[in-house]
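Taking the form predicted alone, here's one chain by itself in structure tokens.
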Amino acid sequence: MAPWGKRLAGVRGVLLDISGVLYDSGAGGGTAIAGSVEAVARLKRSRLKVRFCTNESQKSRAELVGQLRRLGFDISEGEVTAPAPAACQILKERGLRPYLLIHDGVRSEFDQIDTSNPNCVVIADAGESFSYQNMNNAFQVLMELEKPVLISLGKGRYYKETSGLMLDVGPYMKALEYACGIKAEVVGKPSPEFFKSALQAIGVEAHQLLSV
């Protein structure tokens, strides 16, 4: 059996990252990485179950899927596991009211979340919203809580756009951890629970998975 044949033996599902794997984000909607549209199409024609797993936190799933479809990808919103919806579920289950330090593009994912009198902070890749004032507001919310809760949508150091490398949420998350003497709860990659939710969505066990 060929090396790839051995590797794929017993594989029933594939988890695909999006940014930097399928496309590079940037002005005008970004660009598809060479061969990625065709690769996704071939996977979907195969016997394998496919799930898209992303730490994208500047766009809602609807906006992200619309952008990918315009680039030629066959993908639906229901096939995407993203950190914002997962964070919303946690907030509801634990009765948490967040101060949102997030990008305006993903704010719609939190429309059903109570943000009055915050008792936690949710931080994401906020882009230009990572101002001193907004960071300090988040810091003050956390410092006023007896048991501060900081939820971060991922912890990446940087990511690639067509214009070059960009700072991700991780450095800002670390700044709040250091200033407040706390540890953030990461929702998104590389959290094991995040990957488990993606596997549950396609009904595949970890040992039956190929992740790209």
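Everything numeric in this text was worked out from a predicted model, so none of it was measured. We call the rigid core the largest set of C-alpha positions that still match within 1.5 Å between the two forms. Residue numbers here begin at 1 and follow the sequence given.
The protein also exists as the form predicted together with a further copy of the same chain; that form is not presented, and the subsequent description refers to it.
With a further copy of the same chain left out of view, the stretch that reaches within 4.5 Å of it through heavy atoms in the predicted bound form is, among 150-158, 59-67, 25-33, 46-54, 150-158. A residue is said to contact a partner when one of its heavy atoms sits within 4.5 Å of a partner heavy atom; residue 111 fails this definition for a further copy of the same chain in the predicted bound form, lying far away.
Interface residue remark: residue 93 is not counted as part of the site for a further copy of the same chain in the predicted bound form, having no heavy atom within 4.5 Å. Taking the partner from the other structure, a further copy of the same chain in the predicted bound form has a heavy atom within 4.5 Å of a heavy atom of residue 133. The shortest heavy atom separation between residue 42 and a further copy of the same chain in the predicted bound form exceeds 4.5 Å. Checked against a further copy of the same chain in the predicted bound form, the candidates 145, 166, 37, 184 yield a single residue with a heavy atom inside 4.5 Å, and that residue is 166. Between the options 89, 76, 115, 140, the residue in contact with a further copy of the same chain in the predicted bound form by a heavy atom within 4.5 angstroms is 140.
Residues 158, 159, 164, 165, 166, 167, 170, 171, 172, 174, 175, 178, 179, 180, 181 are the ones in 158-189 with at least one heavy atom within 4.5 Å of a further copy of the same chain in the predicted bound form, listed in sequence order. Residue displacement note: residue 163 has its CA displaced by at least 2 Å between this form and the one not shown (rigid core superposed).
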